[in-house]
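First, one chain by itself in structure tokens, the form predicted alone.
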């Protein structure tokens, strides 16, 4: 029986955000099984007069449409995915302590229902923000791109992703992580000639030839560009190797799988060209690729957000969906409660303080300064 079978799937946005988070966690939503949680989110948002709500599969979009006669005219996307990885005996959610801090444990607490709870609370309780907002509660981030809600929206309704700035509420320890690095995987192949190992001088050992590939990798000097004041650290690493025919045969093929993590000032094409040049003389085939995302910290909305958080910004070395916004020309950052190192782990948890901090920072940023009207809420 699913953990939420006997639970009330309605969501209460009038109380504490951690209580809302617990309700969200207890609605099991493994990838491709997000209908119930999407229904619950939609049920909260649909009656709110300040939001235009639309449903796209199991992705829920809620947008404000402010009178921008004041000249603000700025739109920010706040996005979070509703799905989780498969259960691992970690539902329902439980309250506990970790290193002297109050935490909530359970599947999705960190990745990323903590961020979703903050989003939902703000969407429901900030009816007159100081800039237009688009809240994206999307499906299937944890699996193949073809199911990803942001990807599907970019194909069917790209206007819904249009914005001046985007915040992806992936876990970042409640600190801004700017943009993200791109990732490229290539197969680098050394070729030789088969021969009997007893007469090895009659052939060419492809595995031995692949030693030069590894030598080049060992000599690699990481590029560390500074972008918007953030220092990114690229990486080029062998992640797999295949070769061999039989115990008495010189192999004629040896392939090294290499992963290149490249800074967001390089396009996928530039990254591929760099790797091909690096392995010049060997066959190099791109097997997988995803672009990076520029942080865009020079944009007005980004500058104000950095100031609201406290000025600390770290580069994002992994890949996240901020790259999808960057591909559409929308600068983006990661900012959400939870330690990303706990994502997908059985002991996943989120500190209660970080949930409250993220909500407080965003609420202040969205209500301070010029505004189209009074901001009211249902409680904190």
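Numbering follows the first chain given and starts at 1. On a predicted model such as this, the values are computed, not experimentally measured, just so you know.
Another form, the form predicted together with another copy of the chain, is not on view; read the next lines as being about it.
J.: Among 198-206, 111-119, 145-153, 268-276, which stretch has residues with heavy atoms no more than 4.5 Å from another copy of the chain in the model of the complex?
T.: Heavy atoms within 4.5 Å of another copy of the chain in the model of the complex occur in 198-206.
J.: Answer yes if any heavy atom of residue 94 is within 4.5 Å of a heavy atom of another copy of the chain in the model of the complex; otherwise answer no.
T.: Taking the distances in the model of the complex, the answer for residue 94 is no, it never comes within 4.5 Å of another copy of the chain.
J.: Report yes if any heavy atom of residue 341 sits within 4.5 Å of a heavy atom of another copy of the chain in the model of the complex; otherwise report no.
T.: Close contact exists here: in the model of the complex, residue 341 approaches another copy of the chain to within 4.5 Å, heavy atoms only.
J.: Contact between residue 57 and another copy of the chain in the model of the complex at 4.5 Å, heavy atoms?
T.: No, residue 57 sits far enough from another copy of the chain in the model of the complex that none of its heavy atoms falls within 4.5 Å.
J.: So, in the model of the complex, is residue 129 in contact with another copy of the chain at a 4.5 angstroms heavy atom limit?
T.: The answer is no: residue 129 has no heavy atom within 4.5 Å of another copy of the chain.
J.: With another copy of the chain left out of view, choose which of 221, 248, 280, 287 has a non-hydrogen atom within 4.5 angstroms of it in the model of the complex.
T.: None of the others qualify; the residue that does is 248.
J.: Just to be sure I understand the contacts: of 263, 210, 77, 169, which is the one whose heavy atoms reach within 4.5 angstroms of another copy of the chain in the model of the complex?
T.: It is 210 that has a heavy atom within 4.5 Å of the partner.
J.: Counting only heavy atoms, which residues in 210-242 are within 4.5 Å of another copy of the chain in the model of the complex?
T.: The stretch touches the partner through 210, 211, 214, 215, 217, 218, 233, 234, 235, 236, 237, 238, 239, 240, 241, 242.
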